[in-house]
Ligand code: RIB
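Just the one chain here, laid out as structure tokens, in the form predicted on its own.
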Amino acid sequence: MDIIKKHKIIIDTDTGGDDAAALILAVKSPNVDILGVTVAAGNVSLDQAVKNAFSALEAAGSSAKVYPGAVNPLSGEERETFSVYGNDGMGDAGIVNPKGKPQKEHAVDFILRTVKATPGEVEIVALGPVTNIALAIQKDRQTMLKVKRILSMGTAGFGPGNATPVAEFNVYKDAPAYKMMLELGVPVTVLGLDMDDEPTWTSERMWKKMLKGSPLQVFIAKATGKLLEFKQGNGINALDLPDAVAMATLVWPDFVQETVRCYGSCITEPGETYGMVIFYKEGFTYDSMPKIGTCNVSVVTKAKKREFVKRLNEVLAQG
């Protein structure tokens, strides 16, 4: 019998509807050991994001511990955005009724304690603004250098943004934190918005089928109802789940087909490009800058995207 080697992960989230789908996907994966869930404000307030995390975990049958973290970005300056998942981040559908209570230990302290206990083994799956990760770097950089890998749902990849035409929401909420994470020196894998395009979208027709499906399908359909309304307002009759796509790159070993090594540069100066991450490809000579910095990130550029919706719903159908 083959022994499955599990990924030891900390999930860092700002729990909206797509984070909920990612959490459930991780819980239901046989090759993942969730060491804990850390939470930061982003999609919604910290308190609401904690409640949302518990709601998703409990729906999936998980008793993973949840650790509250950052309330504000590193600079303390809030970038005004709004939740496309409704006021509660979960579709305003009355599904946020958790029983669990958060740990008293701060998310940053939990991250550092866990990495110290198992150096070189812990992977952090970052599904929201990476403020908790940056605060951990500021507090104990040497310990954070022992993180095995960071998997980030962040940046626009090689496509357009969603917070602005060039910036993705998670980076935009705390660009200085993202810059600090990129420059830490541990392996970083990025799943950008360009990997969350039409082949991975859940159509309205499929969404309606989910509303009549298993408890987990119903849960995620309700959690993303406001997102579907928002997308339809932009002329798109489907919804996207970027955090779940990012989690798929971890839990389905065959999902990622190609990555590109790059030097990622995060723009933190105020202005139209704030929060943009520019990727300079390894081995490519640019006319005005023949030498780039040391490559600090692997960017996912090809995956089995057309299988995503079907495979996700096969997982959700179990519950």
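Predicted, not measured: the structure shown is a model, and the values here were computed from it. Start at 1 with the first residue shown and count on from there.
Another form, the form predicted together with this ligand, is not on view; read the next lines as being about it.
Participant: Report the stretch among 180-188, 231-239, 96-104, 162-170 that approaches this ligand in the model of the complex to within 4.5 Å, counting heavy atoms only.
Facilitator: Looking at the other structure, the answer is 162-170.
Participant: Would D243 count as touching this ligand in the model of the complex under a 4.5 Å heavy atom rule?
Facilitator: D243: yes, in contact with this ligand in the model of the complex.
Participant: Can any non-hydrogen atom of M210 be found within 4.5 angstroms of this ligand in the model of the complex?
Facilitator: Output for M210 is no: heavy atoms all beyond 4.5 Å of this ligand.
Participant: Would Y85 count as a contact of this ligand in the model of the complex, using a 4.5 angstroms cut-off between non-hydrogen atoms?
Facilitator: Answer yes; at least one heavy atom of Y85 falls within 4.5 Å of this ligand in the model of the complex.
Participant: Is there a heavy atom of L127 lying 4.5 Å or less from a heavy atom of this ligand in the model of the complex?
Facilitator: L127: contacts this ligand in the model of the complex.
Participant: Can you pick out, from V122, A134, L193, A221, the residue that has a heavy atom within 4.5 Å of this ligand in the model of the complex?
Facilitator: Looking at the other structure, the residue within range turns out to be L193.
Participant: This ligand isn't shown here, but in the model of the complex which of A248, M90, A175, M153 has a heavy atom within 4.5 Å of it?
Facilitator: Of the listed residues, the single hit is M153.
Participant: Can you name the residues of 7-23 that have a non-hydrogen atom within 4.5 angstroms of this ligand in the model of the complex?
Facilitator: Going through 7-23 in order - heavy atoms within 4.5 Å of this ligand in the model of the complex - the hits are D14, D18, D19.
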